[in-house]
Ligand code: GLC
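So this first bit is one chain, no partners, the form predicted on its own, shown in structure tokens.
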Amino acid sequence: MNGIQKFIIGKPLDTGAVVKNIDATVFSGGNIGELYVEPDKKTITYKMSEETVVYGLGETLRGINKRGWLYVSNNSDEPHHEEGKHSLYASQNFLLVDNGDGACFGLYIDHPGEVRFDIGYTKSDVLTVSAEDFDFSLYRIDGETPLEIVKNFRTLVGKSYEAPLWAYGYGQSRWGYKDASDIRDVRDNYRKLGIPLDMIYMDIDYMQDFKDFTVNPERFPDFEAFVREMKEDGIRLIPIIDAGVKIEKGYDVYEEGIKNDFFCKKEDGTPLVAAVWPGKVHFPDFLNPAARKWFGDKYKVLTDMGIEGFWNDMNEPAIFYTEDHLKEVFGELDNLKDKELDIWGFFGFKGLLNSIDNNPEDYRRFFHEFNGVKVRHDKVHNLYGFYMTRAAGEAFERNNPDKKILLFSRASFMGMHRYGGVWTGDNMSWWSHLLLNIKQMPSLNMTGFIFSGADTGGFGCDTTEDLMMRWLEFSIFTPLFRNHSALGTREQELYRFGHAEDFKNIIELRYALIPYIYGECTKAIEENGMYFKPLSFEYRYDERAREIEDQLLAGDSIMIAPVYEQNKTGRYVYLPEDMKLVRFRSFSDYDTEVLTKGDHYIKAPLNEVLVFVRKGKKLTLTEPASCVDKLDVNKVASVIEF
């Protein structure tokens, strides 16, 4: 492929991320353009100028410009998305370096284990990539512009997943919908207020004892009929699937996995015993093609009942504890029993307790059969969520060839974007996490995760009405549009707040925008482009645009500038060119105003959505409906042009 060079460093594993064959150079060190590779030091370095901006890395913390922090590709069950953290659930090892003088290039590190990206953290002008296992394929991607580099990279790793049209509707979720009555109650309250709704998500409560591919018969006595009932009302049920399989005699998934040797094993050949929601579990070896096919075909149990969508969770994999490490901890605690704990003893005691879940040593206790080779899990850790979702995606192609199935995952790696989307995990009901959501979207798009979004309103903590409204005003532009919250937090279905009419207007505006959003996402998928873009990707030499991270281009026609601070009635917006401001109070009630290039303070009442139409572009809206199945995507309600 033109514009892409491949270098083999050490003895890399084939991760499955790349789909295009590139002639490779076996490389022992030295310069690759401006990059300097030192295998002895296990580093790749690049000297940055003051103007250098570094994009990429998919789902991470902090900003669109990654400069100034240390990022670690190490898929983590990390519910605390705070600035001081270095890893989240994903590993998407693509960087795009833009020097501001017209020179730019991309870098992809195809490595399944831990990789560290020190982007001006240790030395402010040095980018350093390092890995303890210095065995990987390095791809340098060239292009005239950042968008051309993204296109070349995405051609390398393959076409992005396409979700069904109905999946662009609004979804309501909560950990705690325990039975059919709870779900009917959600449906009825939305329908009573006339707020459109397409999906109700089913968290772990629907399962029998938290076992995959089971339904609790007491809570859902005729599940297939219930699925049919909901779909007849325009609502699809979307169940969760977790990575761990409960150890229980008589449970078919467990019995089949044991019989066929499909579970991850320790070095002595016995299956690893870990624990998650159901208690003790085994982890399927998704890197084994036979195990992958077996587990993927299990989704058919639910698709045969009418289910058309899933979300894969806990697939970093998350570990509450392993049987081995728990014994170690109890042994240490016995040694501390009845002893006086000074400051160091107390910290040691706390450290023991905190070491139980997601312990790094536990990821070194088990192995996979990968491409005919026995490999320790930590060496390929970041592939696990990808291959779980691949298992499902390939099964849907086999078993549901004439239907698009909704599928997205928490953990991911490059290549998973071909099989499903992502949501950004267990965020909080914090204003800072609304801003984080805004900044994560372009980086996810660069790495091919077009169908993506966050838990609107925040998953953990207690949301507020104004935070929910402002978050919705951004999320109506994200392909994956879901309101999700945790057990024990404030219930945040939209009918639980006041100002129901304002919430209805915002959701209806989303439905009026679906033809535009779906069309622009489809174009991004077909052309290996981006739906969400930083301003600097279009306004290449605008110095102001290079620094703005709280305004995004959404598709080809519009720019959005969400309000993301509490008690704000407006915000400053920079326009890199003349634009037409559309101030939506509802899909049919809006004002327009042409604004000139430059800085503007824009009033933004809580119930208004601001959209900026770019010069020479147009935004077409359709008539909203109660669900996407009833939406006439060809019926034009209005066209706003500039």
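A residue's number is simply how far along the shown sequence it sits, counting from 1. Only a predicted model underlies this, so the values are computations on that prediction, with no experimental measurement involved.
This next part talks about the form predicted together with the ligand, which is not shown.
Using a 4.5 angstroms heavy atom cutoff to the ligand in the predicted complex, all of R410, W423 and D426 count as contacting. In the predicted complex, the ligand sits within 4.5 Å of a heavy atom of H484.
V215 falls outside the set of residues with a heavy atom inside 4.5 Å of the ligand in the predicted complex. When contacts are judged by a 4.5 Å heavy atom cut-off, D313 counts as touching the ligand in the predicted complex.
Among residues of the shown chain, F459 is one whose heavy atoms approach the ligand to within 4.5 Å in the predicted complex. Proximity to the ligand in the predicted complex, taken as a non-hydrogen atom within 4.5 angstroms, holds for one residue of Y206, W430, F263, W277, which is W277. For the options Y564, W175, Y251, W294, the residue carrying a heavy atom within 4.5 angstroms of the ligand in the predicted complex is W175. Residues with any non-hydrogen atom within 4.5 angstroms of the ligand in the predicted complex fall in just one of 178-186, 197-205, 370-378, 356-364: 197-205.
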